[in-house]
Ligand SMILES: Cc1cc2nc3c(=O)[nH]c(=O)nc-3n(C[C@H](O)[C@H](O)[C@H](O)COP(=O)(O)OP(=O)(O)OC[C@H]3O[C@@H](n4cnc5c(N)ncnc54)[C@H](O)[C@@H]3O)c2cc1C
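There is one chain below, alone, in structure tokens, taken in the form predicted on its own.
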């Protein structure tokens, strides 16, 4: 923040509508792509707005190209595994898998998938603001390669990861730990390739020379090499800060890249002497920013006790996994047996035609650390796309849709729940 007296400006202009749709989805990560597909399959005209040039979110842009095990491989997520990672497809939905994949193949797959599903994808379209009318969002304003454009919709699904549209439209939110607002740190993912011959370790000027595991940013070695193509996927950088803070992100982008080269150098001297740096993610990966305050907030107790909800939309048994927000080289990891995420975590009290899917749903800091992974976001997005379609068909608010109809349609789209509650 500037130390000078801050000046505020009123910024007004007329903006042309570029397109209209039944369902407008903001953000093309796992939640957004699944929401777009599920709504399109119900005959809805869908527009998917993505701020970058590629779909897949952190799986492609952030090179977080391994799916964490969630214990329920079902719906659109299962379909993706079947079509892109056939060898990883489990026989039964309630088996855990954690496949490593190519971010480039997934990026291409999602492009082709959207064409097949007749979803209109607008790339390089960054959310700017909402246009509201009473309790509804009428349009979103987006920065495009042709300048500012408006996109009108009957229903909107915020899958930005930061709840950008929801916050702009006045939905209250929390950020980080309850006691101090600190969020999980950021990580820049990268890949190394086995060249089959010794490589000369590289250490650019200004980088660190790590000698021992204790020197490493996370104080541990964390990587995957599950396939037979010599690709090593590395998750070993760590930068403290909040991914929605300008200064924090500015620092993280440069500091994390410095750490990448430093970790590469360490690995080339410690067991990976034949590996060369082959790919660095386009941007630093952000684990946690904003959580909306929805009609229900998923809690640590829900996760630990395995709470079941009558309005379940996603299920997971992924562990509580909190990378230390205060910069320590630790992780709070606690196994969980499995729990439900209820529909009301995606619904706001303020708006009748907006849902939030993905990691920004209504959840506490600890609960979010378990529900935030990509596979769960696919499940949340698929449910949101169906819910938005039902609200359109029934001319009702997203809050008032029939949960029975939601579950029936989820089932028709091959979603299987391990155990369904009748009440909570």
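Quantities reported herein were computed from a predicted structural model and do not represent experimental measurements. Residue numbers count along the first chain shown, from 1.
Below: the form predicted in complex with this ligand, not depicted.
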Contact segment among 120-128, 260-268, 107-115, 83-91, judged by heavy atoms lying within 4.5 Å of this ligand in the predicted complex: 120-128
Contact test in the predicted complex: residue 399 vs this ligand, heavy atoms, 4.5 Å: no
Contact test in the predicted complex: residue 66 vs this ligand, heavy atoms, 4.5 Å: yes
Heavy atom of residue 189 within 4.5 Å of this ligand in the predicted complex: yes
Contact test in the predicted complex: residue 365 vs this ligand, heavy atoms, 4.5 Å: no
Of 386, 355, 37, 377, the one that lies within 4.5 Å of this ligand in the predicted complex (heavy atoms): 377
Contacting member of 308, 149, 287, 154, with respect to this ligand in the predicted complex [4.5 Å, heavy atom]: 287
In the predicted complex, residues of 221-251 near this ligand [heavy atom within 4.5 Å]: 235
